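The data below hold one chain only, encoded as structure tokens and taken in the form predicted alone.
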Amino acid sequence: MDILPILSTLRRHKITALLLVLEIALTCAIVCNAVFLISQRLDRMKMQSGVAEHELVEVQAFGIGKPGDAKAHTQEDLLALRQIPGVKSVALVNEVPFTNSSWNSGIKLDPKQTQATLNATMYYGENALETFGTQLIAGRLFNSDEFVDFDAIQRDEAVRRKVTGVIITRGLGEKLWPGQDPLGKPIYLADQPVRVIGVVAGLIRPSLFNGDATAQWSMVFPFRVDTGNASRFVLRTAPADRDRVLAAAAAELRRTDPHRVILDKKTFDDIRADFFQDDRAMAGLLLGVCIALLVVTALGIVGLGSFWVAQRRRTIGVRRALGATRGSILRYFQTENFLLATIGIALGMVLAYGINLFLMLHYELPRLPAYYFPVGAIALWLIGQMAVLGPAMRAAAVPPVVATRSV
């Protein structure tokens, strides 16, 4: 197909051709970046928690009125929850993953540091790691005689200094001592040293307010909490028993304390779904924008193609009378659309790169992978060819007699 006649024809329709090129360029730029943002959101929603999510349920309960013996009350609650059929493990903890409520502390590697090396979250609770189902990959878990009451730590400096061990995540260890074994190494909270006695594969922070890169910066301390300073009961059970156990756990907690308020009760699957609700909504919104842009662009190509076919009907009839086949007419319009789409895609790629740079500078997004450009180009070429196919087929169906009627 000789493209010179096509270019000559397009020069006589500069404005309409330019509008179509700009529409394709804008679609290319926005769709490439929107699809990239969608992939980022989907990847974030797959973030590993490090806990046995499909086996866990959580009941958050608060007591009202004058507090009694919180320690004894907690043991009564835990005993009642362990009696529920199907419950494998129970723990009262200060925080759980994906809840946006977290206890954090700065960590120093040298007591002389004036600024903390980083900020990490702190999990408390007897039997917490066993109940979470977190995988230990090095060292050991806490012995039962290493746990101390959290209230006693707050009141008594001597009790606080008895705490000498901490379990950290692999991600936190790699951040603090890159390429080294963290076991036995000390960290400092305020001026008190604690040594790493165990490393778990992962345990995500409840809140990601410091960014996703800090998601696995977690520590677990041998602090025993009670209903006076913690409210989250976590139960581990078989996946099929979660709903039944959840209802039974809430009923047991109300039975042991009729004045208690059950603030929330959920499976961990529901907790994860709620945590990533905004990401899911954003991905859906961006997907809708992409579909709308592609549909509008396709309709624009169909409309412009139909207009040009109607406008060139006599010219097409003359070409058919001079021996042009239906196939050559069809290829003419497809080639014309391919040229316009190519110019628009080239311009759109430059625009997409510029938008990505802006997002990198102002919203800390990563660089747009290079393979998005050829994939986006192929998609727009295919959409353009499919959109122009209808008008091109109508043009190919114009009979040669049209030229005679128009004389």
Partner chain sequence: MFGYYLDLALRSLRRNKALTALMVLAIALGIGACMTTLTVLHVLSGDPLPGRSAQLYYPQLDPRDMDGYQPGEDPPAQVSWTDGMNLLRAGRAHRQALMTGGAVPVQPAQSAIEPFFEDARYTTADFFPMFGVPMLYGRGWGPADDQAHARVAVLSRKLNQKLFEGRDSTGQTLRMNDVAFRIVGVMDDWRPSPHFYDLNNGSYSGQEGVYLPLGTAFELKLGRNGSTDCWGGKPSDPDHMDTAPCVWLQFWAQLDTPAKAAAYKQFLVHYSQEQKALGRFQRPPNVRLPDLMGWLDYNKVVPGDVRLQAWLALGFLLVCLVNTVGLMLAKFLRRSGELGVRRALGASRREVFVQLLVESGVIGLAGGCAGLLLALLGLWLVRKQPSDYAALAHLDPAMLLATFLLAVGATLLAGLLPAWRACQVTPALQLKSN
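Numbering follows the first chain given and starts at 1. Keep in mind that this is a model prediction, so the values were computed, not measured.
One more form of this protein should be noted, the form predicted in complex with the partner chain, which is absent from this view; the next part is about it.
With a 4.5 Å cutoff on heavy atoms, T114 counts as touching the partner chain in the predicted complex. Remark: G303 counts among the residues lining the partner chain in the predicted complex, judged by a heavy atom distance of 4.5 Å or less. Interface residue remark: K108 is counted as part of the site for the partner chain in the predicted complex, having a heavy atom within 4.5 Å. With a 4.5 Å cutoff on heavy atoms, T297 counts as touching the partner chain in the predicted complex. Judged by heavy atoms within 4.5 Å of the partner chain in the predicted complex, the contact stretch among the candidates 79-87, 167-175, 275-283, 210-218 is 275-283. Exactly one listed residue, out of K71, R140, R254, R326, brings a non-hydrogen atom to within 4.5 Å of the partner chain in the predicted complex: R254. Though the partner chain is absent from this view, in the predicted complex it lies within 4.5 Å of a heavy atom of just one residue from R244, R195, R160, R331, which is R160.
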